[in-house]
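Here we start with a single chain on its own, the form predicted on its own, put down as structure tokens.
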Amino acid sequence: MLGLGAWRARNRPAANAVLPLPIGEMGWQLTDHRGRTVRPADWLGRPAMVFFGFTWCPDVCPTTLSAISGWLEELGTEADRLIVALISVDPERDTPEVLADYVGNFDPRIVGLTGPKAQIARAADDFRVIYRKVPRDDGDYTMDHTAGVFLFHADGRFANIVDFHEDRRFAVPKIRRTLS
């Protein structure tokens, strides 16, 4: 029996293989909705809340961004310490201008990020996010993507994830712990 347990432990992926990299080890470079270049190193020193999505999303993205806006409101001035970012998984449609219009519908502290497909893929890999383009019957497409909100400490270490539709009673304390 002990041999089976040792085999399982040796052949299981490391626990951190599915966790996002620390921000300081990430290597992407994106453009924010104001046209400025953003790199992971720019985020070190402040806690971060990061969500992957896209502007044409019919439900998950606007629901999550509305929830984030509510969390920020509940946190009050504490929220001003956070970097809050939406990283687009649809760089074909989500230009900085489109993102500016979209994030403008939510809390002004939310920054939209986009960039070339290769940089979006690099960011997704660094965060351990999965996304894919899904053709629709009408010839258009939508995007499937990981829907959690990633939380990072100011030193760049991964802190936690807020799941899609997680109750505010649990989400806000997670964010507060990230701020401390």
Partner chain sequence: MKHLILTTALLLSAPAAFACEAVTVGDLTIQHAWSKATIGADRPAAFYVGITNSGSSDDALVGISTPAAGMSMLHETVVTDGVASMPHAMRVPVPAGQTVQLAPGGYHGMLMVLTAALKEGDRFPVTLTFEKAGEVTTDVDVLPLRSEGPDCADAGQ
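Positions refer to the first chain, counted from 1. Please read these numbers as outputs of a predicted model, since none were measured by experiment.
Just so you know, the form predicted in complex with its partner chain exists too; it's not on screen, but the next bit is about it.
>> Is its partner chain in the model of the complex close enough to 125, 160 and 177 that every residue in that trio has a heavy atom within 4.5 angstroms of it?
In response: Heavy-atom distance to its partner chain in the model of the complex: none of the three under 4.5 Å.
> Is residue 98 a contact residue for its partner chain in the model of the complex, using a 4.5 Å heavy atom cut-off?
Replying inline: So residue 98 counts as contacting its partner chain.
> Does any heavy atom of residue 42 come within 4.5 Å of a heavy atom of its partner chain in the model of the complex?
Replying inline: Output for residue 42 is no: heavy atoms all beyond 4.5 Å of its partner chain.
> With the cut-off set at 4.5 Å between non-hydrogen atoms, does residue 111 touch its partner chain in the model of the complex?
Replying inline: So residue 111 does not count as contacting its partner chain.
> Do residue 132 and its partner chain come within 4.5 Å of each other in the model of the complex, heavy atoms counted?
Replying inline: It does: once its partner chain is placed as it appears in the model of the complex, residue 132 has a heavy atom within 4.5 Å of it.
> 113-121, 28-36, 136-144, 42-50: which one contacts its partner chain in the model of the complex at 4.5 Å, heavy atom to heavy atom?
Replying inline: Result for this chain: 136-144.
>> Given a 4.5 Å distance limit between heavy atoms, list every residue of 56-75 close to its partner chain in the model of the complex, or none if there are none.
In response: 56, 58, 59, 60, 62, 63, 66, 67, 69, 70, 73 sit within 4.5 Å of the partner.
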